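Take a look at this single chain in C-alpha cells; it is the form predicted on its own.
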Amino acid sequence: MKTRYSFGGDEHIFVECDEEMSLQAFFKGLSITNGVRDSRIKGVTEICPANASFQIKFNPDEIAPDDLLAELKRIEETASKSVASLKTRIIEIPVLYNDPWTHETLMRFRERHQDPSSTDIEYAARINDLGTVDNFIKAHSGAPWFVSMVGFVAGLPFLYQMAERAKQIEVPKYLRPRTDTPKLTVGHGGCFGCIYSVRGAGGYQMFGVTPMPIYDPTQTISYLKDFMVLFRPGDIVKWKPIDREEYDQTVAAVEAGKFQPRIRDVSFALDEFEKDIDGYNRKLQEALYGH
C-alpha cells in the first residue's frame, strides 16, 4: 500500500503506512515520526505514533497544512531508504494464566462472548487449533512480543507477536465490550495482545494477570520512579508463566519496593529477524537470560 495522507480538521494530518499491521509498517511509521521529531518543523506540536499509522498535530498559524504535508512526504522519501533497526529493550513480564480474578470477571460476562460455554483461554486455544490450554500458554509465552504502540488508556501497550504470520495467535474481541476488566489483565483482540494498565471497561479476551505494575502516576513504585509509564514503542516483551505462589511473592515484593523487573538492552534489526525468526527470537531470549 502506498502511504496515505489525510487531513483531520484544521490541526491534524493522519498518515496510514499500511492497511494491515506488520513490523514493516511499524518501522516505516517509526522512521517517519523520528524524522519529524529530528527535523523540528516549526508549528508541529504533537507526534502520535500508532501500530501502522501516525498522526501529527500542528498549529496552522505557524505552518500551512500543504507545507507540512510536503515536509512529511520529503521525510518519507528519506525514511524509506533507512535501515529498519533500533536500540531497544527486552522486558520479562510474569503472568499468572487462568487466574481467579479474570476468571470471575469473564464468567460475569459470558452472554457477551462468542462461546458462553467455555472460558476465554479455552476458546482461544480451540480456534487457534492448539488443542489444550497448556498448549495455548506455551504458544502465547513461547515467542516474544513487540510493543507497537502505547496508549488508548495511559500506559497500555499494544503487543504484536514476533512469529511467522501463520503461527500468530488471533482471537476476536468480545461480541460486546465488558464494563469491567481487572487491572493488569493480559488480554488479546485480533492480532494484538495488551496489558490493561488500569481497571475498566474492555473487549479483549482475558488470559491471565501480571503482578507487575506497568503504570504508576504517583511514581512511588521502585522501577517507575523516573517515569510513570513502563513501556515505549519498540520494546520487546517476553511472557514468563508463573504459579500463584510466585504471583503472591511478586506482589509482596512490589509493595515492599524490592521488585526489579528483568530488563536488558538489545538491538533489533528487521532484516535479520525476517531471515530466521525462530533463531533471532532465541538470541533475544539469550540476551534476556544470559545463556
Partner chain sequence: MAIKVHSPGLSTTVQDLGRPGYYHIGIPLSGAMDREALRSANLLVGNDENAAGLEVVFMGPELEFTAPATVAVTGGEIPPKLNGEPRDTWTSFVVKAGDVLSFDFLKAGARAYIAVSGGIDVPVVLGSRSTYTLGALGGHQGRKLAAGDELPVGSASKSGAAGRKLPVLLRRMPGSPATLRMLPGLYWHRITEEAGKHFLADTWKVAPEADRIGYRFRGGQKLAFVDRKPPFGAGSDPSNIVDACYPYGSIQVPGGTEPIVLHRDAVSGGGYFMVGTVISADMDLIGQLQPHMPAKFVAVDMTAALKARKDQDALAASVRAALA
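If you're wondering where the values come from, they're calculated on a predicted model, not measured in any experiment. Numbering follows the first chain given and starts at 1.
Another form, the form predicted in complex with its partner chain, is not on view; read the next lines as being about it.
Heavy atoms within 4.5 Å of its partner chain in the predicted complex are found in one stretch of 94-102, 189-197, 70-78, 206-214, which is 189-197. Within 4.5 Å of its partner chain in the predicted complex, a heavy atom is found for not a single one of I236, D243 and G290. The closest non-hydrogen atom of I121 lies beyond 4.5 Å of its partner chain in the predicted complex. Proximity of D271 to its partner chain in the predicted complex falls outside the 4.5 Å heavy atom cutoff. Residue contact with its partner chain in the predicted complex: K283 places no heavy atom within 4.5 Å of it. Proximity of P116 to its partner chain in the predicted complex falls outside the 4.5 Å heavy atom cutoff.
Contacts between 33-49 and its partner chain, taken as any heavy atom within 4.5 Å in the predicted complex, involve E46, I47, C48, P49.
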